[in-house]
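Coming up is one lone chain in structure tokens, specifically the form predicted alone.
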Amino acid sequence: MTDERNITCIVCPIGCKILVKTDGAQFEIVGGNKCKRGIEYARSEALDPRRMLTTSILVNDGEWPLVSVKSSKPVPEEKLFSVLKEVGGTAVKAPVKSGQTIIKNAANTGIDIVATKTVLTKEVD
């Protein structure tokens, strides 16, 4: 079964609407791209879409209740909800350092979830 769809390229500010045909394994540009970079973006988006994941995780005993996190690499689109479910069930104890791995191999993707902010331990009066 051949699927035909428009993909809006985000590689440059032009934002070409690239029409592609794919059957899941084969890929063909029908039209719309204005540069070669758009072809590679459309191929990736049509055959193996991935997204950087940015969210936050609960922090116990921290000066802030949440720490911002991101995936170490783009997550395959079909694994996003599995990774989010694991993130949602996670809490860390302060202190948390920026760059610290919070979840290793999230949802068996080989991708880590990493803190993007430092959260110190809450001072007790």
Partner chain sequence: MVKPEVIKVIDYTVDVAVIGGGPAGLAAAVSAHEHGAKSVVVIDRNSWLGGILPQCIHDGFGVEETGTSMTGPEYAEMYIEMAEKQGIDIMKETMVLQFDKKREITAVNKKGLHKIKASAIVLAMGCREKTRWNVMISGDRPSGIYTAGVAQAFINLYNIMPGKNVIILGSGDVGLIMARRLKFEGANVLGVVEILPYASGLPRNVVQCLEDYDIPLFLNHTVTCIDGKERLEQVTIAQVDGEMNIISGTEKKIECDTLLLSLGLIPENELANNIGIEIDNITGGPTVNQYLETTLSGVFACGNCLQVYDTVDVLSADAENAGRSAAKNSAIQKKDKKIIAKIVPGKGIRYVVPQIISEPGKVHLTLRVEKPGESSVLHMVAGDKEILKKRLAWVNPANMIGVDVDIPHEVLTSTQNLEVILVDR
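Residue numbers count along the first chain shown, from 1. Predicted model, so just to flag it, every value in this text is computed and none were measured.
There is another form of this protein, the form predicted together with its partner chain, and it is not shown here; the text below is about that form.
Can you check whether E77 is within 4.5 Å of its partner chain in the predicted bound form, heavy atom basis?
Because a heavy atom of E77 falls inside 4.5 Å of its partner chain in the predicted bound form, the answer is yes.
Verify the contact flag for S56: yes if a non-hydrogen atom of it lies within 4.5 Å of a non-hydrogen atom of its partner chain in the predicted bound form, no if not.
Because a heavy atom of S56 falls inside 4.5 Å of its partner chain in the predicted bound form, the answer is yes.
Taking 4.5 angstroms as the cut-off for heavy atoms, does M52 touch its partner chain in the predicted bound form?
The answer is yes: M52 has a heavy atom within 4.5 Å of its partner chain.
In the predicted bound form, is there a heavy atom of its partner chain that lies within 4.5 Å of any heavy atom of G15, even though the partner is absent here?
Yes.
Its partner chain in the predicted bound form: within 4.5 Å of a heavy atom of each of S68, F81 and T118?
Every listed residue reaches its partner chain in the predicted bound form, so yes.
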